[in-house]
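Take a look at this single chain in structure tokens; it is the form predicted alone.
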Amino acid sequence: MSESTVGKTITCKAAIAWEAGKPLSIEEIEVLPPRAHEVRIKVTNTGVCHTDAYTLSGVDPEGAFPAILGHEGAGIVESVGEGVTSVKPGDSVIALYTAECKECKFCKSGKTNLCGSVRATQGKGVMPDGTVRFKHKESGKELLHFMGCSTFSQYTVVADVSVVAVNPEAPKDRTCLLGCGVTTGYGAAVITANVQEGDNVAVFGAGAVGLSVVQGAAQRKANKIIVVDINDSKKEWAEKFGATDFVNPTKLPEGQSIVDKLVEMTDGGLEFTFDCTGNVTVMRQALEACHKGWGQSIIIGVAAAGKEISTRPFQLVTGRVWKGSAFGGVKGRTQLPGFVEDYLQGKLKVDEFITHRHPLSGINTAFEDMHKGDCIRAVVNLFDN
């Protein structure tokens, strides 16, 4: 950290999303100093997540441009604004797209990780005071923030409730994935569902989030962990993280549905199912494959704008439960440091998710990789060009 940057505007590189449906453009931007209760981070590494692609595609109703995307990032605190006590310059940190203020109605309830402190402004792409900290160097045009993080920039500014200090021993090119994908799936299994030993579990979709659910269920000693995916190459991945079975729904015998198959495999249905696809048809199948009387289906995948879920009410009357999970139910500032310790002690797999690495200049290739079957997570090194 150089003292010379504190309180000053920093010029650096960022991947700018100028408009929906267009590739990101690597350009110079200006990052203003943090104001009260804000933190400026030197972002060393970021993961590329389907949520970034969802917004870039233009189907996200909250998507606004021009913006700096990215929400799965790790780095070092460069400077802090007035009143910041939770982190200090030099701290190794992870950005949090799900804030934790510990003071709002949601945080105080103890019932949820959905903090309400910065939600309204975060959704509009601005800081809590309604302004932005990014400007395009050449034109001076203001650039919007994304999910309270904007990790596709070498420097970013976040609210102090949207960042957590973690063990500096943990490599940032791995811990960045705890900012979204790994935590979201793992938390859904161990916190939202609270899978118990002997439970039967099915996971729909074997991307980074789905495989993280598998990891959580395996750690909890679930009985059957069945992964459902239309890509056969995911079978090997599923087994690597602890799955006991793999089913490709497109290859079932004529007349057999995936629900029939899963119910048959588990003597009446599953204790828990997880949708990691964002497909509303799959969400229905996941619910209906649950065991009558006590089965729970957890929705993690984000559906496209305007989509609705449906099932016959009788499915719920007969004891099945539909639940949702955001960021795995994890309270970022309270619980994420413990996840990092678990990773360092070998209790939580993170490295195994990384299939592709790119410099910042290759970020568009990372987006292309994501849509191919052999990519689980691509990590971008922002200072490697």
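The model shown is predicted, which means the values in this text are computed figures rather than measured ones. All residue numbers are counted from 1 along the displayed sequence.
One more form of this protein exists, namely the form predicted together with ligand NAD; it is left out here, but the text below deals with it.
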{"query": "Stretch in contact in the model of the complex with ligand NAD, which is absent here, among 298-306, 148-156, 161-169, 236-244 (heavy atoms within 4.5 Å)", "finding": "298-306"}
{"query": "4.5 Å heavy atom contact, G278 and ligand NAD in the model of the complex", "finding": "yes"}
{"query": "Non-hydrogen atom contact T51 with ligand NAD in the model of the complex at 4.5 angstroms", "finding": "yes"}
{"query": "is_contact(Y343, ligand NAD) in the model of the complex, heavy atom dist at most 4.5 Å", "finding": "no"}
{"query": "Ligand NAD contact at F339 in the model of the complex, heavy atom, 4.5 Å", "finding": "no"}
{"query": "Contact residue in the model of the complex, chosen from I94, A189, I225, A208 - any heavy atom within 4.5 Å of ligand NAD", "finding": "A208"}
{"query": "Sole residue of E78, E271, E288, D229 within 4.5 Å of ligand NAD in the model of the complex, by heavy atom", "finding": "D229"}
{"query": "Site check C180, V282 and R377: each within 4.5 Å of ligand NAD in the model of the complex by heavy atom", "finding": "yes"}
{"query": "Residues within stretch 301-334 having a non-hydrogen atom within 4.5 Å of ligand NAD in the model of the complex", "finding": "G301, V302, S325, A326, F327"}
